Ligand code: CP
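Here we start with a single chain on its own, the form predicted alone, put down as structure tokens.
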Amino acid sequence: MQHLISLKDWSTDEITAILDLADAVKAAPENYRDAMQRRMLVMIFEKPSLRTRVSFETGICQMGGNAIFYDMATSPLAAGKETIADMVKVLSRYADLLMARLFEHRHMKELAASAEIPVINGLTNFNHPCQVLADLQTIREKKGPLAGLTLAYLGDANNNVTHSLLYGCSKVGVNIRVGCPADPSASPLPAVVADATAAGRAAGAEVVVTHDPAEAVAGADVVYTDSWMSYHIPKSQMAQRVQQFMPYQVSAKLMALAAADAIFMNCLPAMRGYEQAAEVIDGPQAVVFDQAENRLHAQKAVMLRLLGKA
């Protein structure tokens, strides 16, 4: 039994196989319309969601299965009346797959350790592997073979998307440059950078963390950013964070330093005038809605693989 908890745990070949399957599912969805017949996905949500919930629920239903939304806030676990281990052992008797979107990554690992069915990480404070699989599918669609491309990430880099980009890009041969403030609270975790550097060395990819946004973006094939105000960050910190991250805003001027045919990505939701200028996200180089659509196809591929239906 295999889980998807982190791309750190998946090999280059496994990631590539998922991308190939996602492309096949997207090209001919009718070939998979019965692949999950009578299969049940339980979706546990501790954090708000649009794309994760709707793409997973739509995805399994389009393949003949069903999904149950389970709000952690109304669970016995939240009331302190049940353990994670007990909860997941019960769910393992009812369902075929479990997807969870949680605050704490340690709780995701607890789920996987006790589960008797495959577990999919729909997001934690540490990483977001489903998002980055969809991102890699999108990059490959727009730019061709991944090996040798360069992705520049700008902004708050101590977050789940940056960590998964570091794991995913380095394993498939995409050079990744992270442009962020020097403050450790805004930088990717050193252990993740070290793991990505080692994976990149094996795949022929370079991993760079810089505090110069122009250096990060220069000549890049992909420019990527994410929200400065993630769900767990209090609104009271907004003014301080805007001041800290504004030098890393993807403006038209900064975007012009990338390759002439570069694409712009944001995993959404996006705040125009903050992590990117409106003219960038609404401009011709943006692929954010293709990126969002590919969550559906990439997650179908993950579910198919984990249930041996690939």
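Being a predicted model, the structure only gives us computed values, none of them experimental. Note that residue numbering begins at 1 and tracks the sequence as displayed.
We do not show the form predicted in complex with the named molecule, though everything after this point is about it.
- Residue contact with the named molecule in the predicted bound form: residue 281 places no heavy atom within 4.5 Å of it.
- At least one heavy atom of residue 231 is located within 4.5 Å of the named molecule in the predicted bound form.
- The named molecule in the predicted bound form comes within 4.5 Å of a heavy atom belonging to residue 50.
- Using a 4.5 angstroms limit between non-hydrogen atoms, residue 273 is distant from the named molecule in the predicted bound form.
- Taking 258, 267, 41, 35 one by one, only a single residue has any non-hydrogen atom within 4.5 Å of the named molecule in the predicted bound form, and it is 267.
- Think of it this way: in the predicted bound form, the named molecule has a heavy atom of just one of 137, 121, 131, 170 within 4.5 Å, and the residue is 131.
- This chain is displayed without the named molecule, yet in the predicted bound form the stretch 51-59 from 51-59, 249-257, 23-31, 65-73 comes within 4.5 Å of it by heavy atoms.
- Of all the residues from 177-211, none has a non-hydrogen atom no more than 4.5 Å from the named molecule in the predicted bound form.
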